[in-house]
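The data below hold one chain only, encoded as structure tokens and taken in the form predicted alone.
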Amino acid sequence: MAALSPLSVALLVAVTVGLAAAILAWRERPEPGATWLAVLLTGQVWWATFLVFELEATTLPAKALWYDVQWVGVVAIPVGWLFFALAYTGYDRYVTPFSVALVSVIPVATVAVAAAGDPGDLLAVDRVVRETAVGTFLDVVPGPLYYVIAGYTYLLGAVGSVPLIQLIRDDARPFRGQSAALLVGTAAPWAGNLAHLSGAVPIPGLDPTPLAFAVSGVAYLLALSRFRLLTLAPAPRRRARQLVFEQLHDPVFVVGTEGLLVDLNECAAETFGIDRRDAIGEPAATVVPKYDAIRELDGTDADKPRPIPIVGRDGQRPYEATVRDVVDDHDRTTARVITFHDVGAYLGQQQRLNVLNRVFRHDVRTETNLIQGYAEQLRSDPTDERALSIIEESAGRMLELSERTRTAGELFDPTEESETAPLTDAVDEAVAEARAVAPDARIEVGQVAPVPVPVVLEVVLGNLCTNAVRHNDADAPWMRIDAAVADGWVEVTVADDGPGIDPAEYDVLDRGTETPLRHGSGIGLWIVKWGVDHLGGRISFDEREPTGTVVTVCVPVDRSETPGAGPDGEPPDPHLDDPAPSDESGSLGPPPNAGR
């Protein structure tokens, strides 16, 4: 048996190293890119193995046969490299059966031509055996298809290198090492092939590309062992960041430097009723709520963020908007990220703490002092009916205050599930409470649509109706309640002929905070405001001629229970499906008479 040539021995070393790397890669399946790296390495092993057969063959037909067999490995390498790079770096959405089939068209055609005996001399115009000092080589004069597959191979190699080059600049050191090793493993065969194609190799017929596979194998083994290639792949990071962006509970918009919407997360689309496919690419001013008001915000937090009322699918909510610049490696701003944070729950909690603090610090203390003082008076004169009456009235006010405080606590209990009821039932219940407080009152009820509303509205209307008759000093108190539905909103008005509400009460509600010198006289109006805020609505007060007050409460219809709603729970109201919210609102239109 003839001894192998030194070149064949060197190739077998490359085969051994490449085969070991291919086995390691195959064992790491289904890690991202493992299968395709195994395909790449197998292609290298195939090419180098049958090149040994070609070198050791002694006749032209035999060398030509093994030369054609090598095409299987030659064309598998660039395909494996491209899809390995995409899967390994997290671009696996481009690795589909269709894309694999499309990319494989030219390689498969090349193998088919080689298997068919190279008809028309597409791969090789001429083949000659050359005797040289280092061995006998098959010198091939390339045909047109040879140059096509060569250019195609370089194209796939360049495309696959792009995401790996990006990793070299990554902050994570292991990924930089992995990427560098992979690029070295790819660059070595490229350099050898370029030298062969350019004629830089002085030995006729010698293609050093398979010899460079030894360098590739070592580089891939180093990446697999030293830099934990495949066991520490960067692919999940890209998905994780996208997942965090999509699952973030705050609405987020990404606006480009030209003012066009680049992206938005699922929460933004859901909260403001935006169709993502239609919105991306549109001017941000037509998609992002209150864009003109927040576009001037910078990321320095120089000004304290202020809540911005915005109407979304769940009604009107206060949001704080923050703006952050997206800066590239050259400190150039490429986009701005606008995040809306719903501060309604936080503001409501702060208001409730302030009001309850005032109630216990002022109202309860005043009533307690009153009871103690008149109790002392009864001790000295047990027949003092006036003192007894005052004590009873004060105790009644404390009991009522206690009940309302309990109501306020239950109203916002996060453990309670949101329930709905027909608006007619809520109005009937509120009217019944008012009649219980003032049996002689004249109470009128207008037309009320049987739309579903949250049961919280029942508490709101109950407080409004009882206040309307309780604080009315007329001989026969009058009150009327009306309800209208328009554009997905329920507007309920409660009118009375009482003395009116002190403007100081309005001022406290508008400011949202109480101070020792500026505070409300009770807790009833606060319960009304908290309930309306909780429902994402708004409340307004108007004076009535000649006397009295008109209180208007506007809240969204409970759409999940709307009769006739579609399978997705959306009502048939076309206004609610408006995909492009205005600067003032989201998918749900602004409350009726929003400018009032």
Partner chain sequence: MANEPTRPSAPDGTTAQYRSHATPSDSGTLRLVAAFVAGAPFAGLVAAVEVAVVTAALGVPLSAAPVAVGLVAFAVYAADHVADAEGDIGSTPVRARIALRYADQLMVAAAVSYGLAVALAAGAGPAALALVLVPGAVWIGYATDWLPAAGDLVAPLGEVSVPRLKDVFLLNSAAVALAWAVAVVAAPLAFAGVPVDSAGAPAVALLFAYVFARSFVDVEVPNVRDVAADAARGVATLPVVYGVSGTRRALLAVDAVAAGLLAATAATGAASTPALAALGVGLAVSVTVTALADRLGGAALGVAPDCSYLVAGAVLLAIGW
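Not measured: the values here are computed from a predicted model. Positions refer to the first chain, counted from 1.
The form predicted together with the partner chain is left out here; the points below concern that form.
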- prompt: Which one, 44-52, 544-552, 528-536, 31-39, holds residues whose non-hydrogen atoms are within 4.5 Å of the partner chain in the predicted bound form?
  reply: 44-52
query: So, in the predicted bound form, is residue 66 in contact with the partner chain at a 4.5 angstroms heavy atom limit?
result: yes
field: Contact set, 10-35 vs the partner chain in the predicted bound form - heavy atom within 4.5 angstroms
entry: 12, 15, 16, 19, 20, 23, 24, 27
